[in-house]
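Below, in structure tokens: the form predicted on its own, a single chain.
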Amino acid sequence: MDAPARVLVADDEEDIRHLVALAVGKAGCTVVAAVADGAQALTVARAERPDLLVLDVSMPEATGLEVCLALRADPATDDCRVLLLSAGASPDDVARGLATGADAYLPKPFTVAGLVRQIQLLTAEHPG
């Protein structure tokens, strides 16, 4: 049987980190780390090479957009899937997020079911 997809969660709000980690589990994946800022997310992503990163757009140290750009610029992490979460839900916000190379963009507030579905979609091609 394939190993579950490995997911890194990064959000500066503890409640959101917990909620996202819950959704990751419901999606049949494993949380490799749950961190509170973009710099930590980048460090862990480079060390762990997760299959998916769920990144809040607004975080201290480095935004989710900056983390996504850094991941895409590094050959060691350019194939990691990225899901951005943001309170910014305008078409411009979504376009800006996807322009960084993110695979998907989910506006807050989101439902756990919607997040689970998005995680399942992004990890469906996980090689295992």
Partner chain sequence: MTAIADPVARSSGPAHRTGVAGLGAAAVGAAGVLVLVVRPALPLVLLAGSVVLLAVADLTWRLHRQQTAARVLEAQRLDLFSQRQTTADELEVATRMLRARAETMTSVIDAVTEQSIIGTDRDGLVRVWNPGAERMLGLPRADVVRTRSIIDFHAPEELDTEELDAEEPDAGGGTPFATLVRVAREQGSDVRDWTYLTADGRRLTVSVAITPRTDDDGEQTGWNFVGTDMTEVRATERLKDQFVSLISHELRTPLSSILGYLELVLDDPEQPLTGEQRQYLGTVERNAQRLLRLVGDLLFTAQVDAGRFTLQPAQVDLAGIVRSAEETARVTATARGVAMSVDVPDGGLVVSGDALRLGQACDNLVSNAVKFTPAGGRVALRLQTAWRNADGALVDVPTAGATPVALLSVSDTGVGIPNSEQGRLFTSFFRASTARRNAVPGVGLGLTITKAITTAHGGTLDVVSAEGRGTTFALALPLPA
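Residue numbers count along the first chain shown, from 1. The model shown is predicted, which means the values in this text are computed figures rather than measured ones.
If you look for the form predicted together with the partner chain, you will not find it shown, but the lines that follow are about it.
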item: Contact of Ile16 with the partner chain in the predicted bound form (heavy atom, 4.5 Å); value: yes
item: Residue contact check: Thr30 to the partner chain in the predicted bound form, 4.5 Å heavy atom; value: no
item: Contact of Ala87 with the partner chain in the predicted bound form (heavy atom, 4.5 Å); value: yes
item: Partner contact for Ala104 in the predicted bound form: the partner chain, 4.5 angstroms, heavy atom; value: no
item: Heavy atom distance at most 4.5 Å to the partner chain in the predicted bound form, all of Ala5, Arg72 and Arg81; value: no
item: Partner contacts for 25-44, taking the partner chain in the predicted bound form and a 4.5 Å heavy atom cut-off; value: Lys26
